[in-house]
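Take a look at this one chain, the form predicted alone, written out in structure tokens.
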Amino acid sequence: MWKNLALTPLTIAIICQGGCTNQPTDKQLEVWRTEAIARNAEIVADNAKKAQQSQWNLVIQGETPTGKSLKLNWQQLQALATNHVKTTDPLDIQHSSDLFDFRGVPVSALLEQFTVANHVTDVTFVSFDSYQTTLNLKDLWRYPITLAIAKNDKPIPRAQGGPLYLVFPYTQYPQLKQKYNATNWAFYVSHIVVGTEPAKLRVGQHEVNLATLDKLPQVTLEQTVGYRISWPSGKVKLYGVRLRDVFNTLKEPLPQQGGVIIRGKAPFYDDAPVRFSTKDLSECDILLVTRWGESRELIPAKMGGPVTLAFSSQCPAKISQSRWVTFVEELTTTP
């Protein structure tokens, strides 16, 4: 239950009243209360939208000669979803041997609309909950790997991967099983990232790129990472910049009693953004990571790059156990 709970400022204030040493002022409690009421209203409205497939969008972005992204709404996806794939579904455990008729859009048809840069070799699919899977571009051209919107002529419910479910034609092309197992079937896909995007981060009113981040004081961590997919399991070197240095350099003041909200690409972060207090940022190294490994490689999309969030193992447990965010796109302050 807790992993899906977005802690509002009011919730935090109530918890703090029972166990924090620094009590918030009445004025701060009122600010938090107002913010919490507004945020709860947004979450209720947002959840109502998510219950309707008609509100679902797919964003395609990444490396393209045009430099533009492509956003398709549900009506456009419906019009494109004319391809049928008849295959077993390894994630439907109760019916693992059944043959299902999936209707959807071949990924290749979407890539034709996007115009892929010549040097791109892989494509990453990001789900609503920040899950990601990366496929070889040649395989997407070669096989009818499909974003399905219907299963046996019925809309795909959220619990079964809908409204957009990444499906592999195992039955027609059994060789795909050898390369892409059940973990590559992705539920509720919201983004397709072609290659790896250039680093671009919104910090308050500023747009920050890799060149700007490279000019800031660099910090190196060597530890086991908290990213869920595609990273080595042992200790890894991470290179990046402290969040507090980013705000100080841009002259974006950090609120004394508030903090910072970090959002990634996945829509999940709109409901449950990662939050840190200004005190948290001063106590330990919370980093925006832009490179990794002994050779200081840039972070590709298949590892959640180009910018990720990491915490020093020396941070207090309440910080180091927080979610390690991939595809970091926005930092905002909160009172």
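Note that residue numbering begins at 1 and tracks the sequence as displayed. Every value quoted in this text rests on a predicted model; they were computed, and no experiment measured them.
The protein also exists as the form predicted together with a small molecule; that form is not presented, and the subsequent description refers to it.
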Is Ser127 near the small molecule? Define near as a heavy atom within 4.5 Å, in the predicted complex. yes
Arg228, heavy atom within 4.5 angstroms of the small molecule in the predicted complex: yes
Indicate whether Ala182 is a 4.5 Å heavy atom neighbour of the small molecule in the predicted complex. yes
4.5 angstroms heavy atom contact with the small molecule in the predicted complex for Phe187: yes
In the predicted complex, which of the stretches 233-241, 203-211, 171-179, 127-135 has residues with heavy atoms within 4.5 Å of the small molecule? 127-135
Which of Ala79, Leu99, Leu91, Ile261 has a heavy atom within 4.5 Å of the small molecule in the predicted complex? Leu91
